[in-house]
Structure formats: structure tokens, C-alpha cells
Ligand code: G1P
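One chain follows as C-alpha cells, the form predicted on its own.
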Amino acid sequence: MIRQAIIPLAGLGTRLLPLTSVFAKELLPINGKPGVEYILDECFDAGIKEIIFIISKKKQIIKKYFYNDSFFKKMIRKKKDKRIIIEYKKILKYKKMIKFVYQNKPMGTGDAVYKAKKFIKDKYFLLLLPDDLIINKNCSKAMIKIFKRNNCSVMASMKVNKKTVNRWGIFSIKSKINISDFYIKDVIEKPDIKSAPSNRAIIGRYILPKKIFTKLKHQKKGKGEEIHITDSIRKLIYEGDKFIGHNFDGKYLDCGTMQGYINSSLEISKI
């Protein structure tokens, strides 16, 4: 059973400057709704019971968003606006699910995930990267179904332009399971075009085993002098752990760049 999710939110958001000079990128509105709430909705709908947010001291505004009770109570008394009441109830619902962990020095996704080690109770957990939105279909729910059938790790997959493989973790395929899923032979973090084993990329949804923490504990820095979760995944694959790549049905939106952020609002407004 997958009951817990980790969501790293401590990144600096430099690709969205100047907006992120004063505001957390995860709270920027996408079609009138904070981006992180799309991720929370996905988790809730997939049956997740507990969510671990990785933030930094510089991003306390994210915690304040969920702990601003006195402001909401005052506004509800004053305005008696039904919309505000509905929004506040939604925030309270998510607040009960969320724990906050701090990563004050940005050292990569692998380091962020390792910070949540003491909170993970089960053998497997869900990891979601908030820059990656997948709309129209719940990718996490689909991956959890695959996990239940196969009892092994699952990662979301999508074909990308070969010229952009150096932005992603890239898979090579061991064998196909069906039209949507395959066993992974290897994965390389941000390879150059010549050394990329394919153009199949990891998109920010993972079901990972708790034992990955033993790899992350000793993981050396990789590309960009960061600790990458992909490098620890690779070690587990080499030791015989099964990882399934899942070609998801939903539409992928990149919210981590300015153009992607703008396009995301336009796409979601069409739903």
C-alpha cells in the first residue's frame, strides 16, 4: 500500500525570476489556483494519507499558506463569503495531511528526499516533483495500480526531443510488459546526446522503495554538483531491484520555466 508522498519544495526557482524573488514558485497561481494544490489534489485522489513537504527557511511562506488560520477566520467573520469558506476548508483538509521537513542548503533532489527518511514508515513511498504537472489523468493513481500488480518500483515515462535529453533522467528498456509499461534496464541522469540510451525520460512521479535511503546516505554528488535520486535508483537497478517505466496517459505540463508556466495556465483554462 502506498500511503505517503514526498514533495520537494526547497528549490530556488531561478528559472521563474523575477516572480520568485519574493514568492515561492509553488504558490504561483496557475489558472487561479496555486500550483502546489494541483499536486495535492493528485495525491488525495490517489489515496495518499500523509504528505511530506521539503522546504527551506527561505520558503516559510509555503508553511504560512497552510497555517494562516487567524486571517481566514477574520475574513470569514467579516465577509461571510462562501467561496472563502470553501477554500479555507480545503486548506484545513490538506494541513492535516502535511508534515514539513527542511533542506536549507540546495543539494539536489536526492538530498531533499533523504531529509524525509525518518518519516517514511512503509516499504514504498510516492515522490512527486511539483514542476511537473500531469493533467486529465491521475498519473499517481495509475502508478499505484501498477505497483499493486507487480510489487516493485514505478516511474513515470515520456518520450522527449532527442536534443533535450540532457535535461532529464533517461531510461534504457530491458523488456516490454505491455503497450504502456516496461522494465527498466538502466537510467542515466542528464546524459549528453551521444551517450543517451534513448529519448525516454523520467517525469516527476516515482514509487520508490524505502531502502533507497541506504543509497542516498552515501550518494556522491553528480551532475551540477548535486545529489541526484536517479544515481541511487541506478545502483538499486544494478543490484537487481525491479523498476517499471510507465508511459502515462495524461498531458504533461512543465511549470518550472517561465514559458512553461504561462502555457500551463492556458492549457488548464481549457479543461
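Note that the coordinates shown come from a computational prediction; the quantities given were computed from them, not determined experimentally. Sequential numbering from 1, following the sequence displayed.
Just so it is clear, the following notes concern the form predicted in complex with the named molecule, a form of the same protein that is not shown.
Of the candidate stretches 60-68, 33-41, 209-217, 227-235, only 227-235 has residues with heavy atoms within 4.5 Å of the named molecule in the predicted complex.
Between the options Tyr124, Phe182, Phe147, Trp168, the residue in contact with the named molecule in the predicted complex by a heavy atom within 4.5 angstroms is Trp168.
Of the residues Ile203, Ala46, Ile52, Ile55, just one reaches the named molecule in the predicted complex with a heavy atom at 4.5 Å or closer; this is Ile203. Contact here is defined as any heavy atom lying within 4.5 Å of the named molecule in the predicted complex, and by that definition not a single one of Ser157, Lys174 and Asp241 is a contact residue. Proximity of Lys141 to the named molecule in the predicted complex: non-hydrogen atoms within 4.5 Å are absent; the residue sits far from the partner.
Using a 4.5 angstroms limit between non-hydrogen atoms, Asp111 is distant from the named molecule in the predicted complex.
At a distance threshold of 4.5 angstroms between non-hydrogen atoms, Leu129 is in contact with the named molecule in the predicted complex. Contact between Lys190 and the named molecule in the predicted complex is found at the 4.5 Å heavy atom cutoff.
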